[in-house]
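To begin, one chain is listed below as structure tokens, in the form predicted on its own.
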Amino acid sequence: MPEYKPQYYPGSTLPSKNRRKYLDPEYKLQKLRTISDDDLVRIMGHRVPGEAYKSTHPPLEETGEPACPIREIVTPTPGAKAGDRIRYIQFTDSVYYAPVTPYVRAWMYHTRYRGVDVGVLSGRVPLEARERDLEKVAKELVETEIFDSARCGIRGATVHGHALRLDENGLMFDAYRRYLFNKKTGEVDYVKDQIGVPLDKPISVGKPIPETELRKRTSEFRIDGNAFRDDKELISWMQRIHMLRTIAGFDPEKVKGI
């Protein structure tokens, strides 16, 4: 039997190629900045840095669960093994050449990470996981090329604004003003956590990526950038999927040979 090779995304345009990279767990995301573990915990706002992880149940090795073939197959994540509670981080991505779009972000979570629960809305993507597992995943999401300090926001509440105009510094609108542009350093500082609670000190998440570079990294289709209609390969694939779905709904036998 031939080995199965995943096909992560079709298309020949730049956004399609970037989507293929981001969805492929074999592709190593490029690290662009460094955020300390404690600062990331402060932005997420779930616990005090250095505080022990709260738990919802005893460690798995102490629970005495009955024999189960699935538990023998699936290796628990460190957070599940320890009994951590479930926490979340939520991102908002600007429509102005952010590296990833909401649906791409959700797909990427599923292909890259274990033990996570993903939601996706028009402009926000919540990611839930056991707390220590979530912090590890969140660090990669913030430190690498799929995050831009100006066009991506960590927003746990009142996320609206991803589709509004950018300010004079290129920052996406945020009703809670969780982050501000530091004119002295040229970096973006978070002054509130993801819920909007003021922080004791500003936390830098680095300089915004220049728009010329964002246009190279983005997975968004835009009429003033890479238009969706220009990706004939992607359109052909989508038309085939919809056609097969419609035909099979009436008579599955009719899809043979298509």
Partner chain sequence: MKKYKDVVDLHDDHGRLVASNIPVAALSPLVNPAIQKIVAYVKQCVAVNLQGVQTALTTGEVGGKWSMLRGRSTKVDLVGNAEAVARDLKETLQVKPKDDTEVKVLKEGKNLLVTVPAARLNAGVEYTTSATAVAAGLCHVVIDKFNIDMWDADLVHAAVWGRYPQTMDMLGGNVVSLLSVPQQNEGMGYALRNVLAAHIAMITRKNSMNAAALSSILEQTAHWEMGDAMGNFERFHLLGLAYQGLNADNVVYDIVKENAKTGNLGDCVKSTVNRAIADGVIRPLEKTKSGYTIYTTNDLNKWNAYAAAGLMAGTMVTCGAARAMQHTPSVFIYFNDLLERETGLPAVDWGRVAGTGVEMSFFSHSIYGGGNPAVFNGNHIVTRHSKGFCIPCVAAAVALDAGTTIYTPEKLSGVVGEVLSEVPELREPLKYVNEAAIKIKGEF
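Residue numbers count along the first chain shown, from 1. All figures in this text were calculated on a predicted structure; none of them were measured in a lab.
Keep in mind that the form predicted in complex with its partner chain is not shown, yet the notes after this line are about it.
- Message: Quick check on residue 69: any heavy atom within 4.5 Å of its partner chain in the predicted complex?
- Response: Residue 69 belongs to the contact set for its partner chain.
- Message: Can you work out whether residue 128 and its partner chain are in contact in the predicted complex, taking contact to mean some heavy atom pair no more than 4.5 Å apart?
- Response: It does: once its partner chain is placed as it appears in the predicted complex, residue 128 has a heavy atom within 4.5 Å of it.
- According to a 4.5 angstroms non-hydrogen atom cut-off, is residue 181 in contact with its partner chain in the predicted complex? Contact check for residue 181: no, nothing within 4.5 Å of its partner chain in the predicted complex.
- Message: Check residue 20 for me: does it contact its partner chain in the predicted complex (non-hydrogen atoms, 4.5 angstroms)?
- Response: Residue 20 belongs to the contact set for its partner chain.
- Query: Quick check: do 25, 103 and 245 each get a heavy atom within 4.5 Å of its partner chain in the predicted complex?
  - Reply: Checking in the predicted complex: 25, 103 and 245 are all within 4.5 Å of its partner chain.
- Task: Taking only heavy atoms into account, state which residues of 90-120 are within 4.5 Å of its partner chain in the predicted complex, ordered by sequence.
- Result: Read in sequence order, the residues that approach its partner chain (within 4.5 Å, in the predicted complex) are 103, 106, 107, 110, 111, 112, 113, 114, 115, 116, 117, 118, 119, 120.
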